[in-house]
Each structure stands twice: as C-alpha cells, then as structure tokens.
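Consider the single chain below, provided in structure tokens and representing the form predicted alone.
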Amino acid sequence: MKSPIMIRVKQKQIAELVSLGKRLDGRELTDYREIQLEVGVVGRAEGSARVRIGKTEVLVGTKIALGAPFPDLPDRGVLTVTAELTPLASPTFEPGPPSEDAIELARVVDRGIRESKLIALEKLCVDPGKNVFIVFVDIYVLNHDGNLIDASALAALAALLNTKMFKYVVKEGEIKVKPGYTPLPVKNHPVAVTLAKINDKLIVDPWLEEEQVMDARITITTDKDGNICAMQKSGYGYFTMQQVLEAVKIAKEKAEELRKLVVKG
C-alpha cells in the first residue's frame, strides 16, 4: 500500500503535468484509454455487454418482464436502471444499500437513455393501463479505475442493442408467449463523454488518480445526431461558460468515435 506522502507526490505530479498539456500515462488530454467491448456475455440475460476502459471494467445485463405501466403513462413501457458498486471492485465500495455514487451513476445512465428516447417505449405496450414490458438495465462495476459513467453508459447502450424480447400474442385478454424472439425496439444511440477539470485544463476519460485531484467533472451525453440529451456536473469546482462550450465540442467529437465501437455500419 502506498504511503500518504507518496500519494500526495503523485497527485501533485499529475496536476502539474496536466497544466503543461500532458498526462502521467502518456495520453493526450482528449484521448481515451484502450476500450474493449464484448456483447452477449451473460447467457441468462435478454441482453448483456462488458466494457473495459483501461482497467475500469463494467458489466451490464438487461431483463424484460411484464408489469403494470406508470399511471400517468398507461400506454408506455417502463425503463428502470440500477447500479451496483461491488466491494471487490474497489476498497472504497461497501456492501449494503446503494451509495450516493451508485445512485448518481444509475441516474446519469438512465437520463441518457430516457431523454434520447433510445427505446421506443410506446412499442412496449401490451394492454394499455394494464400490461407493458418493463426493461431492467442492471449495471455491475467489476473494477474501478476511474470514469465509471462512460464505461457504464457505453455498456448499457451495447447491452440494449443486444437485447431480445420474447414474442407474444394476446388472446381473449390473456398474454401467451410465442416461440422465438424479436429485437428490442431501439431508435437512438446515446453516448456519454466525461471530462474532468484539473488546473483549468479539460481532460477526457479521467482515470482514478486524476479523479482524485480534479476540481470538477462534467458528463455530456449526445444522441446519434449530435444533440445533447443529458448533462451532469459533479465536484466542488466550477466550469466557465467557455469551458462548457469547449467540453461540448470535445464530447460531440469523442462520442462519434465511441459510437462506432457499438453501432456497426
């Protein structure tokens, strides 16, 4: 285990290098770490994906079930996103109820999916006011080395594109399952890009030790047409208007690169 003095020395080095436009791991300020993506990794899930960004590793599984719609949206399917920060992923994660970090992670991913209208929820209605399909998106952090949001959002997108729904028919008010599956109705491809601010410099894909010295963080989710569908700022620091505009420009460019990893053709 590193001593507190060694940790502070390294953090100071990280901050000083960023001020000079460099990073401790050799990346440019707007470079991601190596990204690896696998789909269909969980046999019992309707859809699944595993994403590695550097040493950060996230697994997402999806399940489809029948249930009641929300009272104010009787003819729409339901989306629910949860996140679990497993204790094996980091010494800072503890077992028990979802932490604030887990809740924030789930909400940011949920917002990107929901506001981009990734899923055609209107096509998931079976019997208005009574039965709709519920899409469960479960995020499991397997290893935490920074930038959990981008890894989770990318894995969620890949898992949803990989999701299959069972076929059904309604006869005399009863729902009967038919043989075979059909793809989940998807109509958008949102991608989240997170930037950290360190010494007034913006960096893409902060790894864990960069997150420990950052002043603030902003996540910008854009859809397949480059429209912003969600933004989330965290940390005690601030972003100037010019920095926000710069962050948006970078996020749109990097999102196009990430989207190509998931959406082929």
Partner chain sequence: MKVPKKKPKKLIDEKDVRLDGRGLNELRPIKIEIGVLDNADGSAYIEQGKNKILAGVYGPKEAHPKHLSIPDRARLRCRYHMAPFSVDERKSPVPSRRERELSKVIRQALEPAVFVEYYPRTSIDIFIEILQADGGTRCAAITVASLALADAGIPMRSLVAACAAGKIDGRLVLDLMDTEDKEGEADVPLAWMPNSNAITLLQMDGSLTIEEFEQAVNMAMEGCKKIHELQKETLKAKYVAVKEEVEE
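Positions refer to the first chain, counted from 1. All of these numbers come straight from a predicted model, not from anything done at the bench.
Omitted from view is the form predicted in complex with its partner chain, to which the following refers.
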| item | value |
| --- | --- |
| Contact assignment for its partner chain in the model of the complex, among Ile218, Val39, Leu66, Leu208, heavy atom within 4.5 Å | Ile218 |
| Heavy atom within 4.5 Å of its partner chain in the model of the complex - residue from Val132, Leu118, Val141, Val81 | Val81 |
| Triple contact flag Ile103, Ala230 and Gly235 to its partner chain in the model of the complex, non-hydrogen atom at 4.5 angstroms | yes |
| Stretch in contact, per heavy atom within 4.5 angstroms of its partner chain in the model of the complex, of 94-102, 121-129, 153-161, 178-186 | 94-102 |
| Its partner chain contact at Lys167 in the model of the complex, heavy atom, 4.5 Å | no |
| Exercise: Arg76 in contact with its partner chain in the model of the complex, heavy atom 4.5 Å | no |
| Non-hydrogen atom contact Met241 with its partner chain in the model of the complex at 4.5 angstroms | yes |
| Non-hydrogen atom contact Lys252 with its partner chain in the model of the complex at 4.5 angstroms | yes |
| Its partner chain in the model of the complex - contacting residues of 245-260, heavy atom within 4.5 Å | Leu245, Val248, Lys252 |
